[in-house]
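A lone chain, given as structure tokens: the form predicted on its own.
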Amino acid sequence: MINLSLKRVTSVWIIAILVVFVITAIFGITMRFNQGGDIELSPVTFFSLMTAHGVTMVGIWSVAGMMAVNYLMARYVKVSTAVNVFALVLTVIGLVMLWTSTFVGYFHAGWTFLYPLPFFVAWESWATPLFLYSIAIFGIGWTVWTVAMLMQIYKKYSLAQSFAWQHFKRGYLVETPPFILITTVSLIGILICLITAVILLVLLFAEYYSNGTFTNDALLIKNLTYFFGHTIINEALYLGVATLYELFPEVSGRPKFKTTWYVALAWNCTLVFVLTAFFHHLYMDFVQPVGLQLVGQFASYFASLPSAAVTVFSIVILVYKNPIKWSLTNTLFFIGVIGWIIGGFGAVIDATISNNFVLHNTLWVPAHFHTYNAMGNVLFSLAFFYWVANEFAGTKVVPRSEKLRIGLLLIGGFGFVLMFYIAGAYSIPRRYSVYPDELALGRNLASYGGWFATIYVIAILLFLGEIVNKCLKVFSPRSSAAA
């Protein structure tokens, strides 16, 4: 049951995520303008911004997905508000530690903190352990929250039922909603990511505190790092897809999605493929066993096909030649699916080994992951934020600026990522703070990208004002009396 306490902690999450998102997006815009020559930052400041921007974005959109499914899970099972608050508090503490390490201690090893770079200290000596401890604090809060949600699911659904295995045969008695299936698959993937992060941090701390008596294997650490980072981003997006399955038919005035055998098969396959696709980040590590490189090649293809194909098919069947009550919520979901597919297609192109020789470490890489995050995952979460804010406020009035917001979002968002794609196609490298004269095209595209991203943030700010105002309604005396 959705009670007032759950509404209030969800409101705090939404407000915090949106505010932090705008701030962190400004970090990214600042970097693009620096690359474009519009402003001038020191390399230390640039890479500190890059580190904070990357880790924060991964973190806030992971918890945005967890918060959304936690709220909607209350329709099916009991959820713990206390654990929700615990995760919120640790996320805030972790964020303060992270930004302190990057902006006060000048830690700037990148969001991947790729080994052994954090141990070649080019910043305050305390910044490296503080950064690693911030990741640990995030991990503790999110692990407890993930386990708590899975435990609540398993109190009502058996393991087989949570994976919808009974849908592979006829005459089943218990129906597993698509929302529960996708949430289970995604949360298990996130839990595996977080366990991997624990192993990674233990190894890094072991070396850090060993005074030179212990050294890690660089290839092992890189595998663990990319397994954690690549996978948790994708699982966070799938949590957004879970909210789409639950809400899109509802707000469109259509019957709810049902779990069929092919939906169950697609998402069971996705659990396996998404956990092994990260190997495509290590193609250039030639000491990596060739078999793992092939696993990365095929898993990268198969990871996107089942879930995306079934989701697109379900959406098309729902909207094609059917009367739909279009609103900002399902419009955002619909555009988010388009962004997800475009970004996924860009990822598959890069994950093809013959293409990766050309595109590896070019701006094609941030092109595809910014597409399925900024124009996919963010829009899924924004759709939920807008829907639930209306629920809190008890109103569904269509704002006059609806078309303006969507227009700015489309122009700013797709214009922003298009500059990355063009730069990647011309082999402009990533992670440069300043482009030399030989890469003048990179400077121009970076500047254009910064302006498009500014338009995108303006659209987000227009959403933020209305959503925050409505979320604050749950703290009014009137809400307490109604509860």
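The first residue of the shown sequence is 1; numbering continues from there. These numbers were taken from a predicted model, which means no experiment stands behind them.
As for the form predicted together with protoporphyrin IX containing FE (HEM), it is not shown, yet the points below apply to it.
Contact check for I233: a heavy atom falls within 4.5 Å of protoporphyrin IX containing FE (HEM) in the predicted bound form. Although the partner is absent here, G54 lies within 4.5 Å of protoporphyrin IX containing FE (HEM) in the predicted bound form, judged by heavy atoms. Put simply, F21 is close to protoporphyrin IX containing FE (HEM) in the predicted bound form: some heavy atom of it is within 4.5 Å. Proximity of F414 to protoporphyrin IX containing FE (HEM) in the predicted bound form: non-hydrogen atoms within 4.5 Å are absent; the residue sits far from the partner. For the candidate set V63, I422, L439, V457, a heavy atom within 4.5 Å of protoporphyrin IX containing FE (HEM) in the predicted bound form is found for exactly one residue, namely V457. The listed set Y76, W111, F86, W261 contains one residue whose heavy atoms approach protoporphyrin IX containing FE (HEM) in the predicted bound form to within 4.5 Å, identified as W111. In summary, the region of this chain contacting protoporphyrin IX containing FE (HEM) in the predicted bound form, judged by heavy atoms within 4.5 Å and restricted to 126-134, 165-173, 374-382, 320-328, corresponds to 374-382. Residues F21, A25, G28, I29 are the ones in 6-30 with at least one heavy atom within 4.5 Å of protoporphyrin IX containing FE (HEM) in the predicted bound form, listed in sequence order.
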